[in-house]
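Below are two forms of the same protein chain, given as structure tokens: structure 1, then structure 2.
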Structure 1
């Protein structure tokens, strides 16, 4: 009978571990409370199923343990029971899926007013690009990348001239302003993930992927790469600083535009190209 007791401990112990655990979701710092809510809903529904099935099993093991002079019930099927279990499960699954899809719908529908920020990943670090005054990010291509043009901006695209290039692992964002991050990689797959924002998406060379969120709490948050990208994957960290408008403007004012950078290093190579 030890097994019935241990199974009981395992089931109840899981619940106790959960209650006691200091490890849990980080405090949310973005608008994606919907993800947390769906997660919690799923947690308690499935947790309830786990407890119920587990405890029923414990009961069966204890109640129907072997006795020499007893025989099990012979009942190969119970159509009614099977039918009820099936539809109850189906309803449960729909109840979990529906809110999930609603949140996903929000996640993939980017608001018009979202500020576009490019995140460019490389082995192994992060760079960023902001749109500048015209609020349009200039065209880029991996083809154009050179020492003088690390982002591979298209020199013929006027929209790119005022783009601010943040060649630094820190990205600053303004609180309560929706952001659409445009994700780009110049080499292998990476993934731009900030646990407090909940959202993540792979960056794929040759493609521009995206997601959006609104930072809702000031502070510094760590960026983690969440897609294996080679030996340095684990060390590919960065920081997002969410701040009030005034601090943000200060930071913005210190950033250099592509034009300024071009002017700074007017190299022979560039003149040749023009």
Structure 2
């Protein structure tokens, strides 16, 4: 009876802790309300299963407690019970997976009017690349990466000359404008995560991953690396600044293009030689 009572307290205590827990989701600042809905559904399904299993354990401990005049029954198989457990489990799995797959499909189906922003991760910071006036990002290759060309841009690609290189941890975005983030890493695994956007994705060296979102609230939102990437992982922070079109345009005008950076580096090299 004592064990049954303790198990009952665990089940009830867990439910109370969930209801009164001080931890909640950060305020939503993007179009991904579907993420919240899927997460809440997961809580309901897994929470319901936990409650059912917990209370069933309480019942079994109490119902089949030790009694001197009771004999145990050897029953290695119960096809009826196994059948019911199988279809109940299948329903639960479908309830968890189906909504998630629907949201995931939307997560990687990028609208045609989305602005492309490249996010480049390194130990331990963030840099960004945006398209210039031609609205086309230039080609890149890991073989082109150097001190003068940290993004690995193709020098023979004219579309890359006007690309804007943001060597800063802060990324500015225009409100209500869909954004496709192209995720790159030049060293180890990283993960570009903005909690308020409900969006994250691993950044794998040697390949480009992506997702999209639409920022819906102006403000500053912290960028986190959600993949353990070394001793400086804890300090790999940045900020997404969501602002109105006029403020965003002003910020964009202050950024330096790849062509300008090449000219500056060439001037510096000539000066050093003299």
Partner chain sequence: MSDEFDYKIEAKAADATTADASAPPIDYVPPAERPEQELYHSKSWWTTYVFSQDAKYIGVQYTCVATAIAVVGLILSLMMRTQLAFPGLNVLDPSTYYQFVTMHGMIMVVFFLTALFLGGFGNLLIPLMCGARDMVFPYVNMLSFWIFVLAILLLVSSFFVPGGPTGAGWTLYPPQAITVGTPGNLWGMVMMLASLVFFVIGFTMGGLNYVITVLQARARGMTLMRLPLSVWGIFVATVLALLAFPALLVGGIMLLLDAVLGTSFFMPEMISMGEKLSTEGGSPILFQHLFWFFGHPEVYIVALPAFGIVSDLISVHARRNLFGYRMMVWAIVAIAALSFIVWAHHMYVAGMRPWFGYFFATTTLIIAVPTAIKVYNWVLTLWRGNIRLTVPMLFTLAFIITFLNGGITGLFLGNVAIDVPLSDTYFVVAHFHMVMGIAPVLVVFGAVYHWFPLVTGRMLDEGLGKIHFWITFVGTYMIYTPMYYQGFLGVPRRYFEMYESSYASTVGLNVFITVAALIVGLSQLIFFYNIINSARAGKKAKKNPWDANSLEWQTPEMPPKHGNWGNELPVVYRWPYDFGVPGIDKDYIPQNVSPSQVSGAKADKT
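Positions refer to the first chain, counted from 1. Each form is matched to the other, and the largest set of C-alpha atoms that superpose within 1.5 Å is called the rigid core. The shown structure was predicted, so the numbers you read here are calculated from the model rather than taken from an experiment.
Taken from the form predicted together with its partner chain, structure 1 is distinct in origin from structure 2. Put the two forms on the same core and the Cα of residue 170 is off by less than 2 Å between structure 1 and structure 2.
After superposing the rigid core, the C-alpha of residue 142 moves by 2 Å or more between structure 1 and structure 2.
Once the rigid core is used as the reference frame, the Cα position of residue 82 differs between structure 1 and structure 2 by 2 Å or more. Comparing between structure 1 and structure 2 on a rigid core frame, one finds that residue 73 has its C-alpha moved by 5.3 Å.
Structural comparison between structure 1 and structure 2 after rigid-core fitting shows the C-alpha of residue 261 displaced 2.4 Å.
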